[in-house]
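Only one chain is included here, represented as structure tokens and corresponding to the form predicted on its own.
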């Protein structure tokens, strides 16, 4: 990179938008605010995911905390939250610069994580260097156990590629054994840390389960035209189509499948399949589509959270990482109440404590959240969890899916 390019990047980095939300209690206004910073994708290819899963939950949580008078401290006092936020423009370079600025110039009390696996991996060394706890809530990586040891103030909340891939294979294996689908699978994956982790786990899992991978290709991040890929997949003879994709790919491949009349018995996509806007992408024909994640649609806490999110934000949350993101903020809030803002004490409390959250009681295992939903499916108006099948709240998968 030339010196001119470096200067251009620095000039292009958006100014922080600093805002203090209205306070409900007059006493809170007299307290020194807690500054919370984050850099997240408000533009670029990651903006869809960040704008559905991450940003709304940050805004909802800050609003609720400030309306209650602020974050409660161990002495019972409350301090309002003041937010410092940056647009990382979906680039690791801008994200890293913004995190450095939050830590060294803005000197915020806490830093919330960006959206996505790549972004969280990019900032993990920085967060460790500056001593901030990192709640990597939207990061799927099989390296989570190693990262938790390397950076002992990092917390990995969304499992690993192996978890999601093997759960999907188990779900499809049951359908194969029942004679519902054949043993052929067509698989594509985004050439990013997320896609690489999942496909690396899926290949041996499919082979061990007796499936034949008749198509196995990756595509670059940002790809929007899937015509050539689906033309090849349609002639493969596979009953099951699997895409380990980010939202642009999940939406693009859905549109292309509908346009070409591609109707496999199993249509599985990655991030974005559980988004509330997926129904519009699929023109109301999302029934039976499988994806990553899911929620217990019968949970009163989940129902209350969905209603609250919809009322405040104007749209419902996604049915996978949104609730986990909100739960991570509840954990942070409770940890601050117990031990204050000292980063070492906060990290210790997050690592060892138990927390009552929207997804139930949470206690991390070696700095990782392990009780998660791995596979979900659109059934009626809801994206419901189907795996682990033995977990309370799981729905039975419907295979084959109806035609578009």
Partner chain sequence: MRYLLAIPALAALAALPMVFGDYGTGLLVGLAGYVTLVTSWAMFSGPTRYISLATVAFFGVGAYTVAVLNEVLPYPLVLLCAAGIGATMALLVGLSTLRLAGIYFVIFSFGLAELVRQLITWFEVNVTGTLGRYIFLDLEAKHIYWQLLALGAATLVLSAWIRRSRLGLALRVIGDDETVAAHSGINLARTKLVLFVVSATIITLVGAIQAPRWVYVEPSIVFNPTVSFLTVIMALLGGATRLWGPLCGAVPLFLLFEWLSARFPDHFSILLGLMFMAVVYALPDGVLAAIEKVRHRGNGTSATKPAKEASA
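Whichever C-alpha set is largest while still superposing within 1.5 Å between the two forms counts as the rigid core. None of these values were measured; they are calculated from a predicted model. Positions refer to the first chain, counted from 1.
In what follows, reference is made to the form predicted in complex with its partner chain, a form of this protein that is not presented.
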| query | finding |
| --- | --- |
| Non-hydrogen atom contact residue 280 with its partner chain in the predicted bound form at 4.5 angstroms | no |
| Residue 85 within 4.5 Å of its partner chain in the predicted bound form, heavy atoms | yes |
| Non-hydrogen atom contact residue 105 with its partner chain in the predicted bound form at 4.5 angstroms | yes |
| is_contact(residue 141, its partner chain) in the predicted bound form, heavy atom dist at most 4.5 Å | yes |
| 196, 174, 258, 205 - the one with a heavy atom within 4.5 Å of its partner chain in the predicted bound form | 196 |
| In the predicted bound form, the residue from 200, 265, 308, 184 that sits within 4.5 Å of its partner chain by heavy atoms | 200 |
| Stretch from 174 to 182, 312 to 320, 272 to 280, 122 to 130 whose residues place a heavy atom within 4.5 Å of its partner chain in the predicted bound form | 122 to 130 |
| Heavy atom of each of 91, 97 and 101 within 4.5 Å of its partner chain in the predicted bound form | yes |
| Residues within stretch 212 to 226 having a non-hydrogen atom within 4.5 Å of its partner chain in the predicted bound form | 218, 220, 221 |
| Rigid core superposed: residue 159 CA moves 2 Å or more between the shown form and the other one | no |
| Large Cα shift (2 Å or above) at residue 334 between the shown form and the other one, core-fitted | no |
| C-alpha of residue 194 off by 2 Å or more between the shown form and the other one on rigid core | yes |
